[in-house]
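Here's a solo chain for you in structure tokens, the form predicted on its own.
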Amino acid sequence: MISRRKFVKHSMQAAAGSSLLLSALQSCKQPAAYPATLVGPNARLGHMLRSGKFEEPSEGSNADVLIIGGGIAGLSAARYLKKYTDNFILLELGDETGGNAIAGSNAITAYPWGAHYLPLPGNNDPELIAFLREANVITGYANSLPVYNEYHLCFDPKERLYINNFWQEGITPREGVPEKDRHEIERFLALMHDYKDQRGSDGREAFAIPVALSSQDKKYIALDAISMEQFLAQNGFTSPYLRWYVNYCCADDFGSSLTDTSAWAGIHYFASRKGKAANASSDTVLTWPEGNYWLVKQLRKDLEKYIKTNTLVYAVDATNSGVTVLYFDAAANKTKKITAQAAVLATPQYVNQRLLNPNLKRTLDYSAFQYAPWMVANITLDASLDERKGEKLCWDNVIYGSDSLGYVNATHQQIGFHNSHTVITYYKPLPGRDVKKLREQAYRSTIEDWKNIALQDLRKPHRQIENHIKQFDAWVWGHGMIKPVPGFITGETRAQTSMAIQDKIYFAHSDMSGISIFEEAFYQGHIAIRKILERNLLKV
């Protein structure tokens, strides 16, 4: 029986000749005007939190547990909590849950507005594996290895890099790279692979996911005191090709650069992924047209009745009997109160500092939390992109020398689907040390500014791209992801984030891990509920 991968691969090869002719004909077209919009989260409710002006609550309710925040951490907490109680509520500021894993769609396809893939997970988080089995992502086991549903495995060709006017397979620079630089890249990758197999004196993996399970051996902890740039220099890595590649990887997971990424975090990017499968190579990723929003839908599948969206929490306080939470219900245009035995704040620290009563005396240095701003654009095209020589259109398409992450093809996973239109999702992190200034600049930028930035980059491999654009939409993430700057991962401030307040208020968010990835948010969510259960705050 022909596999899904072989079927689509043969289909692509058969269509290649006609695509070349079509591209040549379309290159004669003149760019036409097309709509361009700047979209984003509910800014009105966010501004209300900063103003701090609310009426007295007009009505109240009770719950065993209240979860604040409907991103991956909040949904993970709710999923786990549902096993033990039916009396809980999740409040979400936005129109829908998902956090930075939300998605959009049009007549052509769904597409991501943020996180768009999940690497094959290891065995360190059994709850994550259980969730993937529930969602039928893992269908069983063969020779003790998980068997993944092929529909969810990223289809070949997976990734390519545009370098020296050529699309090469894979994103590690190789095409036209001098021999000296290639050897240096190979030496770096061998060193990263060596770190992957190492364990500390405490018996733990040197670099693990979840981060909390990583070794505390001093020789690894010391890596957090220097930047990734310093690590490269100390180990004699000077190749500009390697430096670009490692900088790209830092931007990919952290939205930061070599200079403001901890060496521990930079190595973790390469050395922590240890997933294995019976039917996929270890570097395979799980992905969907809508990105990780597909996982969001699986998480909330049985949770809809517990979720209240368009609700702005503005005050959280501990009482003798539990927790009191005040919030504004935008749909009802009313302020309300909820009392609960416990609360989980599945919100980032820059939000928590505005919600918690100052009298709770949570001595946390909030300035230590730096969040990278991002711009994501979804570009609808009326035909296949005009291509340079080399590897054909892949799922992930990266441009060497660019400070963007390139783009993913949202229609890549559509089996046997043929359409003259497609959507590409372009990712532009805004790295730099002054995140406040970068954020302000991002918010001031217009849709025309973002369009010019994206197209200037995309014209390098696709000279005629503007001939085919039908729609250009952009989303600005002011606080896209936590940045693991030197000293943050192993610092006291991050350690303090997991400390509950009076055994009543708990915390769950990926910024508590120092790395903004799905696995960390998921882990923080169910761990928070386990802590509540351990303290017997629920009658189960």
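A residue's number is simply how far along the shown sequence it sits, counting from 1. The structure presented is a predicted model; accordingly, all values stated were derived computationally and were not measured.
This next part talks about the form predicted in complex with a small molecule, which is not shown.
Chemist: Specify the contacting stretch among 340-348, 189-197, 448-456, 157-165, defined as having any heavy atom within 4.5 Å of the small molecule in the model of the complex.
Modeler: Heavy atoms within 4.5 Å of the small molecule in the model of the complex occur in 340-348.
Chemist: Does at least one non-hydrogen atom of residue 66 fall within 4.5 angstroms of the small molecule in the model of the complex?
Modeler: Outside the cut-off, so no.
Chemist: Looking at the partner-bound form in the model of the complex, is residue 122 within 4.5 Å of the small molecule by any heavy atom?
Modeler: Judged by the heavy-atom cut-off of 4.5 Å, residue 122 is well away from the small molecule in the model of the complex.
Chemist: So in the model of the complex, does residue 514 come within 4.5 Å of the small molecule, heavy atom to heavy atom?
Modeler: Outside the cut-off, so no.
Chemist: When the contact criterion is heavy atoms within 4.5 Å, does residue 477 count as touching the small molecule in the model of the complex?
Modeler: Residue-level check for residue 477: yes, a contact with the small molecule.
Chemist: Can you pick the one in 385, 303, 185, 312 that has a heavy atom within 4.5 Å of the small molecule in the model of the complex?
Modeler: The option sitting close enough to the partner is 312.
Chemist: Exactly one residue in 93, 318, 438, 110 has a non-hydrogen atom within 4.5 Å of the small molecule in the model of the complex; which is it?
Modeler: So the residue touching the small molecule in the model of the complex, by this definition, is 93.
Chemist: Does the trio 71, 116 and 376 actually contact the small molecule in the model of the complex, every residue with a heavy atom within 4.5 Å?
Modeler: Yes, each of 71, 116 and 376 comes within 4.5 Å of the small molecule in the model of the complex.
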